[in-house]
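Presented below, as structure tokens, is a lone chain in the form predicted alone.
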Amino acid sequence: MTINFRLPGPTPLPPAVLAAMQREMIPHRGPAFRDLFREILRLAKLVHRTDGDVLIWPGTGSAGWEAAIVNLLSPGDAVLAAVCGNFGDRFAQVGTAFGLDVRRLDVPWGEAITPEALDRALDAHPDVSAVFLTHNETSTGVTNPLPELARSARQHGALVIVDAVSSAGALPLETDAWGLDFVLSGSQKAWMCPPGLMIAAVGARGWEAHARSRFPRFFWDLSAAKRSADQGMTPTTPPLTLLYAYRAALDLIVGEGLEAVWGRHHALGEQTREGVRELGLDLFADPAYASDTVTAFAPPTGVTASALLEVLRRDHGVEAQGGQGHLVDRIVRFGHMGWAHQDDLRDALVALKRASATVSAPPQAGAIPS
């Protein structure tokens, strides 16, 4: 049975990315690597819409939280974490673990952080040095209004630190035009690569904050990464196979056209939401802020998410995912980012219809309840 991989990460790999990963090793301190890495950084800047720096480390998206904190802030700094789901909550927890004075703006999961709410929170906490924003909350299928939130943070004098793990490479993201100071992501989502790379775009204000930061750092040090990147190198051994993959994926994104990529994801989001509604299932996210990379919805009444996911996997070859935190068995999430197309989602929705009918069918007379 062919697997229809609808996880919100890791995501399917395009054939060109799989092929690129079969390349042999090259000297990682030689001219061939310099050419490869410089081209990767050039293309990554295009996709981030920045004239500033894009830096790459071995790691996951979660590592980007730590890298942002130790490079842009100092112990005891007050920050505001905008939380509307599990990943925003985890970003806040990392801040607390590093001794930051973390203030929280919490909204119910499934809702978005609005500029008005952020303005009120920043008015109440005028001493914050930075705002932690999750562009696309993977756990709930919500896309926060990042341009407006970034504007609010900057007007209050705070750094704009953005978790773009499930948005970079799929959703509109204008690092320079929106005044984003640090944008972090991981290779396993819309970048269409295996897990293992952490990518960060750093703006001018981010570099100014880095010069003031008093956290100790070594592996995640921005200065060391930039010094090496300026020479077409990395400060530690580069993950060559993953970089081959990322180069191939960037070629696909740039070749398709960034606006076309954004449009494709919007069409996939609309298709998925419409299909879920037609089945009579309830979408979880506020429709005004529904994500174009992951859709969250409730299973049929009386059915757990895990029961529905098991039928999808066993009988239909569809791999989807449940919720996180207190939503672990209450919602199902379909990913549609990266190497995703209309046929993939059409087939997944057909499977969802059949699985929903199977899992919610009343037991036959005389059947023994399981």
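One rule holds for the numbers: they count along the sequence shown, beginning at 1. Quick caveat: nothing in here was measured; it's all calculated off a predicted structure.
Not on display, but discussed next: the form predicted together with a small molecule.
J.: Of these, Thr114, Thr143, Gln188, Thr234, which has a heavy atom no more than 4.5 Å from the small molecule in the predicted complex?
T.: Selected option: Gln188.
J.: I need to confirm a contact call. Of Ala249, Val165, Ala200, Ala296, which residue comes within 4.5 Å of the small molecule in the predicted complex, counting heavy atoms only?
T.: None of the other options qualify; the answer is Val165.
J.: Contact between Gly323 and the small molecule in the predicted complex at 4.5 Å, heavy atoms?
T.: No, Gly323 sits far enough from the small molecule in the predicted complex that none of its heavy atoms falls within 4.5 Å.
J.: Is Asn136 near the small molecule? Define near as a heavy atom within 4.5 Å, in the predicted complex.
T.: Heavy-atom contact with the small molecule at 4.5 Å: present for Asn136.
J.: Closest heavy atom of Phe87 to the small molecule in the predicted complex, within 4.5 Å or not?
T.: Answer yes; at least one heavy atom of Phe87 falls within 4.5 Å of the small molecule in the predicted complex.
J.: Given that the partner is absent here, does Ser62 sit within 4.5 Å of the small molecule in the predicted complex, heavy atoms only?
T.: Result yes; Ser62 sits at the interface with the small molecule in the predicted complex.
J.: Looking at 103 to 111, 234 to 242, 157 to 165, 254 to 262, which one sits within 4.5 Å of the small molecule in the predicted complex if you count heavy atoms only?
T.: Selected stretch: 157 to 165.
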